[in-house]
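Given as structure tokens, the chain that follows is alone and in the form predicted on its own.
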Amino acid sequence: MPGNADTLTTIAALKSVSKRYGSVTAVDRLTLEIRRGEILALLGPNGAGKTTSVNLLLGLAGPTDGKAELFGRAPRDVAARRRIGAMLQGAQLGGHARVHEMLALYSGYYLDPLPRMETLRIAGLEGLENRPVVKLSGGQKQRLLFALAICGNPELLFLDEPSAGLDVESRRGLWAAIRRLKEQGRSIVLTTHYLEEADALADRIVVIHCGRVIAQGTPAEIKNTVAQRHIRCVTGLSAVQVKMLPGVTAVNSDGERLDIVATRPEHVLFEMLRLDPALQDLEVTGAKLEEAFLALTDDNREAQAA
């Protein structure tokens, strides 16, 4: 089991890496670090370079320029590969093999795999070990892919859209399992289009667009790149009145309650309280991760088009 080493230790990295496929540049002089004991969420729109970046770290592709490292070694080094696990979209599972047979096969590649029952427990597959893969539901197959990624007792775990196809209860169970793995000192790279998942799990977020890093930081730091705030309150003012106030970008009405998006919330609130001293049930929250993500990628797209 991984130890509790210094969380600032870099265990994998891309160093000024570029990857070109003919005339297409998938990754452009990208530098990325993965630190011990952290959950790193890699976000970006389709075609941004996320999958290519992960493939470079896994040794599934080699860089055109720059250097990829995994535990100080080349990613294709067997000693380095035995220290990782990966759950990748599109992975094919043996149709008539049973769950325990799949786990035995994958565990055999590692020197110190997790006990089978522990793997089943972490992945939420207890009681299904004798079921043929072909008889598993979509969510159960997703949990099996997670089990196969962790069965080798990895220090570094790559999870690509891990909660795809899971219901709410199963998703929350998976999140809890990921958090426990992190608490054990493991590092996790998460790629997901489900931004609530990144917000809930990540210690650090890296946003990639057009093969380059355009932002990185904690979820709170990423959200703070957007100036707008959400104001919810009960007021006698109409949505039309509030929409006319300087700094208001959107207003949604739910009876007496308004949900207001504003870039200058303090000024908006001052004016609203002046117009309606009886305003109540006030709540002010920051931008959501989705809003920050869209703003960052839209700004970058506009900058490239200029």
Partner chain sequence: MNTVTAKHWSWQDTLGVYLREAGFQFWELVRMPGFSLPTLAFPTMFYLFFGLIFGHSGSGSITTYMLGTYGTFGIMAPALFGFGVSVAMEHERGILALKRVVPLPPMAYLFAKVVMAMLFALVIVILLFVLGAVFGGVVLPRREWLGLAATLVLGTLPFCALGLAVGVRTSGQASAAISNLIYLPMSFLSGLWVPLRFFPHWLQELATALPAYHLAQLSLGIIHMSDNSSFQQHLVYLVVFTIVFLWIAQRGWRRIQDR
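All figures in this text were calculated on a predicted structure; none of them were measured in a lab. Numbering follows the first chain given and starts at 1.
What follows is about the form predicted in complex with its partner chain, which we do not show.
In summary, among the residues 121, 76, 232, 135, the only one with a non-hydrogen atom within 4.5 Å of its partner chain in the model of the complex is 76. The contact residue chosen from 245, 237, 58, 269 relative to its partner chain in the model of the complex is 58, the criterion being a non-hydrogen atom within 4.5 angstroms. In the model of the complex, at least one heavy atom of residue 153 sits within 4.5 Å of a heavy atom of its partner chain. Not displayed here, its partner chain is kept clear of residue 205 by more than 4.5 Å at the level of heavy atoms in the model of the complex. Although the partner is absent here, residue 110 lies within 4.5 Å of its partner chain in the model of the complex, judged by heavy atoms. Put simply, residue 95 is close to its partner chain in the model of the complex: some heavy atom of it is within 4.5 Å. In the model of the complex, every residue of the candidate spot (19, 101 and 105) has a heavy atom lying within 4.5 Å of its partner chain.
Comment: 153 to 161 is the region of 153 to 161, 195 to 203, 168 to 176, 214 to 222 lying near its partner chain in the model of the complex, near meaning a non-hydrogen atom within 4.5 Å. With contact defined as any non-hydrogen atom lying within 4.5 angstroms of its partner chain in the model of the complex, the contacting residues in 184 to 221 are 184, 185, 186, given in sequence order.
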